[in-house]
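Read the single chain below, which is given as structure tokens and is the form predicted alone.
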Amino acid sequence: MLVPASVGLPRLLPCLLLAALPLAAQAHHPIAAKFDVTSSSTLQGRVTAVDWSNPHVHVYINVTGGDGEIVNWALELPSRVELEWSGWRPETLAPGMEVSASGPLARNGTHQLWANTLASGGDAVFTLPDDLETQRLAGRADAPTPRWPDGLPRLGPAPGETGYWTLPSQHSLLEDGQTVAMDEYGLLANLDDAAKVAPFQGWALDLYRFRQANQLRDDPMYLYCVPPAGPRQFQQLFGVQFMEEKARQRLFLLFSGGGGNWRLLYTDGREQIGQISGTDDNPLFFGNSTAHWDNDTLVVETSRFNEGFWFSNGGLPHTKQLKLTERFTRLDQNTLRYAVTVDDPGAYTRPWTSTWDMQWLPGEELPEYYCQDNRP
């Protein structure tokens, strides 16, 4: 049964709704890009299947309409990684179980609903706590920055240990010194604040405003799972990990999401070579990087990017002229400061810098979260 919220939902389903806790709004894409968040509907039906996969979990249910016709609906939920963090498993729901779900419907009219709430037999299922990520950091020990025998900071885990960087304090590029409200996807709370985000050229500001007003629906990472390259890799929920090879003066920068993407950085100033190296004739998602240590800060300079990706959450434009200077500083055991200077004379009026921190999650490897590149 499909029930629009306007018909008095609490009267129709009092027990289920009181028990159903809201699902946190973490998703591979902004919910508003796919679903009409200005309204809410409720579905009741019988489970036919549970698809426990990336980038989102789906529960399929048969819903009987007022005319007696049975239609199969897809209930979309957060990622299986987050649900597993919360203690849920795919067998929590089984085919044949009766469920109720409420949330916004798909904008394109297909039989899809984003499940803000999901309940079975009066009990909430597949819910996420609001502070899921911060809960996972509880109990960390404070300590100084760990170092190699040569005195340089360790950016990755020590031998025999695991861990990675997560929970960025900022979710989109924003010029240092500016204060602009935005959500975890980089969507502005007030579109009139767009010009404060960065020193845009006129066309770039117009494009940024269009992408924002369009709820980021054209984002190639959401549409085709292209890599979250540039600073965007440090704005993602599931984090990054450094694997350092001191003897070879290089490190691998791994991140969860996309197709299991990674960067290779030489720390002695050597340029990348081979297929992973971007050139003027073959610009790549990750460009061409050189890296060196400046005291306790790893400095990475990258250019020769292509234009086939969004280099930040929120849809900030860039051109092939983009050059990035990234600075990684491990302030202590648990804090990594990331600062990036954007120099793109094709899109911005001057170079500018954005800075944020990430938190160390010890004792775990990067989540297994994949979204394979499927460009047409």
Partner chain sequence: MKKYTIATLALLLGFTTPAFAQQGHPLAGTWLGDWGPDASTRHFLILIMDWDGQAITGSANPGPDATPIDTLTLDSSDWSVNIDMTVKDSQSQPVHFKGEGTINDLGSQTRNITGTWSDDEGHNGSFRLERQSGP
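Worth saying up front: this structure is predicted, and the values here are computed from it rather than measured. Residue numbers count along the first chain shown, from 1.
Another form exists, predicted in complex with its partner chain; not displayed. Remarks below refer to it.
Taking non-hydrogen atoms only, Thr48 never approaches its partner chain to within 4.5 angstroms in the model of the complex.
At least one heavy atom of Pro220 is located within 4.5 Å of its partner chain in the model of the complex. Taking the partner from the other structure, its partner chain in the model of the complex has a heavy atom within 4.5 Å of a heavy atom of Phe210.
Contact check for Trp310: a non-hydrogen atom falls within 4.5 Å of its partner chain in the model of the complex. The candidate stretches are 35 to 43, 66 to 74, 52 to 60, 340 to 348, and the one lying within 4.5 Å of its partner chain in the model of the complex by heavy atoms is 340 to 348. Annotated contacts: Lys196, Pro199 and Thr353 are all free of its partner chain in the model of the complex [non-hydrogen atom within 4.5 angstroms]. Checked against its partner chain in the model of the complex, the residues Glu175, Asp206, Glu84, Glu301 give one hit for a heavy atom within 4.5 Å, which is Asp206. The listed set Pro283, Pro153, Pro104, Gly163 contains one residue whose heavy atoms approach its partner chain in the model of the complex to within 4.5 Å, identified as Pro283. In the model of the complex, Thr319, Lys320, Gln321 are the residues of 319 to 339 with at least one heavy atom within 4.5 Å of its partner chain, listed from first to last.
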